[in-house]
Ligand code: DC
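One chain is shown next in structure tokens, namely the form predicted on its own.
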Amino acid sequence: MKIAIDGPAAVGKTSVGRALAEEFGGRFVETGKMYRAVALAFDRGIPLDEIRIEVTTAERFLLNGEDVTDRLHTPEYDQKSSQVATLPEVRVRLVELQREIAEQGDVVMEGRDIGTVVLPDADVKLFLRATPEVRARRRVAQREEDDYEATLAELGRRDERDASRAVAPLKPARDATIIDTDRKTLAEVISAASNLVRERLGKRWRGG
């Protein structure tokens, strides 16, 4: 089973992906953290061809064998990951690693180009969508911050980079199901995604 979830920053991909992985089984992979791990590796002076990133079934991220999970989800590496993701050589390397992970068993993988590039043969492809304003409000609430305008500007910069990058720009796969989340609660989005997976996988999922 391969489930691909794509969409812009702060649209809810991680929450939906984790919920689907728990319901249907399989490893959940938040590929954005892999780009953060590359940024951390570059900060440490590790050459790209020597970078090895693994994701455990417990969602721990190992950089050349070291668990760096707790260092990755910061505003600093939010920005740095978006910047390194524009480098074609980085994307090529991480696509290789992401496909290796997907070959290890059932997987729910989320990111920006999972359905279009990484797992074009995925059983289910979802693309989550929401306006920048809605996503900014969600991120502010998630981080318990109050700087809405700065968050909105940050997301705008990331959206621009994601849409304009030369390699694998952010866009839904042709056979992806688009879920607009603006007026949906997280529970409603998860329910819609779950129903789609059940429909596509039928009896192949472990509870079928």
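Not measured: the values here are computed from a predicted model. One-based numbering along the sequence shown.
One more form of this protein should be noted, the form predicted in complex with the ligand, which is absent from this view; the next part is about it.
Visitor: Is it true that G32, Y35 and H73 each have at least one non-hydrogen atom within 4.5 Å of the ligand in the predicted bound form?
Guide: Judged in the predicted bound form, G32, Y35 and H73 all sit within 4.5 Å of the ligand.
Visitor: R91: heavy atom within 4.5 Å of the ligand in the predicted bound form?
Guide: Yes, R91 sits close enough to the ligand in the predicted bound form that at least one of its heavy atoms falls within 4.5 Å.
Visitor: Consider K171 of the chain shown here, and say whether it contacts the ligand in the predicted bound form, taking contact as heavy atoms within 4.5 Å.
Guide: Although the ligand is absent here, K171 would stay clear of it in the predicted bound form, with no heavy atoms inside 4.5 Å.
Visitor: Residue-level question: is R165 within 4.5 Å of the ligand in the predicted bound form, judged on heavy atoms?
Guide: Answer yes; at least one heavy atom of R165 falls within 4.5 Å of the ligand in the predicted bound form.
Visitor: Hey, in the predicted bound form, does V108 get a heavy atom within 4.5 angstroms of the ligand?
Guide: The answer is no: V108 has no heavy atom within 4.5 Å of the ligand.
Visitor: Would you mind picking out the stretch of 54-62, 178-186, 35-43, 144-152 that comes within 4.5 angstroms of the ligand in the predicted bound form, counting non-hydrogen atoms?
Guide: So the stretch in question is 35-43.
Visitor: Heavy atom within 4.5 Å of the ligand in the predicted bound form: which residues of 66-92 qualify?
Guide: In sequence order, H73, D78, S81, S82, A85, R91 come within 4.5 Å of the partner.
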